[in-house]
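The form predicted on its own is given below as one chain in structure tokens.
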Amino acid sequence: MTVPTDLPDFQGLRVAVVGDPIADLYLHAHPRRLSREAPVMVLRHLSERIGAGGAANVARNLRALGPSVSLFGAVGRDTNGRELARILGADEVDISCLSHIADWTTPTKTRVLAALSRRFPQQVLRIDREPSRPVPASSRAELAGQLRERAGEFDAVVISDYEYGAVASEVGAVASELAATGKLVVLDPRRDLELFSGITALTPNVEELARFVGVEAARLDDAGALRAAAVRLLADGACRWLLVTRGNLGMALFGEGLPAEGVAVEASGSGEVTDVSGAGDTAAAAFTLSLAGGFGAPEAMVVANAASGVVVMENGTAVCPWPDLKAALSTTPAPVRLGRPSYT
């Protein structure tokens, strides 16, 4: 198993992203003093901006690597929903199947970042603004119908579930149908795996995998426990491959055609990690695109690891453009069998 040296040109590929777009609001401030009213810091507002998170971040990461991308999802008819649509449109993501729901709040994560002058900003608080109800059933049915109708246009489908209701039984049924016909379908899951069968791959992080199999996440730092959890999940027949993102421990891959113990790769990237926000979105995007571009699953894991190593060096959700990914592959670690002594 080696690191791929020749990165394909992904521009001819077409990918659908299905799931929950999220507005990431970054509020930058300067710390001034402790408050006299309560034991809290007083910050002076400097600036703020909205970025694309969740399924919207997956779409932007895919688009940065070259393919044409269509997003199927829902936002509210509010300021943040309109801004997400503007950001995606500016990146030339097809949003013709992005629903704008009346009386529904676009999921928004507000991150307050503070720093002294000439210092790197640090996140001090996050506030989540969430809709009071999931995506309505009528919108879910419309989304699934649009995906089924347009499925022939796409080389791959990425499903990004952030538990706001877009990914439910309707999408699960269509995704399983498409997978049964040979379509490449990758799910970045949060829950409800029973809705899916026979899809190409799942890309959970360690905490999500632990929840799926009912164990403590800390136990899965051990290679044997991680392997056992993966075997249990694969036995359910939901997918062919299981890619587990492990934070500073890198990634591990299990499934079809791989050694029984699985393969793993150390975390990629140079220097101190700045922000892990959205790294899982990047991994799902790069892994899917690599499979669609003809790589085997271990090589696709290496590419996903390299792309994630690029974006965690940025502040906030970020994308890994094709030239940056190609450069990162020259220094990214090679995959080894999980549990091999050289893997730490």
Ligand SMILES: Nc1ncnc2c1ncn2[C@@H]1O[C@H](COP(=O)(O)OP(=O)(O)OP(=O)(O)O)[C@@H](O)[C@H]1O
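For clarity, every value in this text was computed on a predicted model and none was experimentally measured. Residue positions are given as counts along the sequence shown, with the first one as 1.
In what follows, reference is made to the form predicted in complex with the ligand, a form of this protein that is not presented.
- The partner is absent here, but in the model of the complex a heavy atom of A279, alone among A279, A300, V319, A292, sits within 4.5 Å of the ligand.
- Only one of the listed residues (G172, G250, G262, P107) places a non-hydrogen atom within 4.5 angstroms of the ligand in the model of the complex, and that residue is G250.
- For T245, a non-hydrogen atom is located within 4.5 Å of the ligand in the model of the complex, even though that partner is not displayed.
- Shown alone here, A267 lies within 4.5 Å of the ligand in the model of the complex, counting heavy atoms only.
- N305 belongs to the set of residues with a heavy atom inside 4.5 Å of the ligand in the model of the complex.
- In the model of the complex, the ligand sits beyond 4.5 Å of every heavy atom of A64.
- Although the partner is absent from the chain shown here, none of Y26, I50 and R119 has a heavy atom within 4.5 Å of the ligand in the model of the complex.
- Look at 41-49, 308-316, 27-35, 64-72: in the model of the complex, residues with non-hydrogen atoms within 4.5 angstroms of the ligand sit in 308-316.
- Taking the ligand as positioned in the model of the complex, none of the residues of 214-235 brings a heavy atom within 4.5 Å of it.
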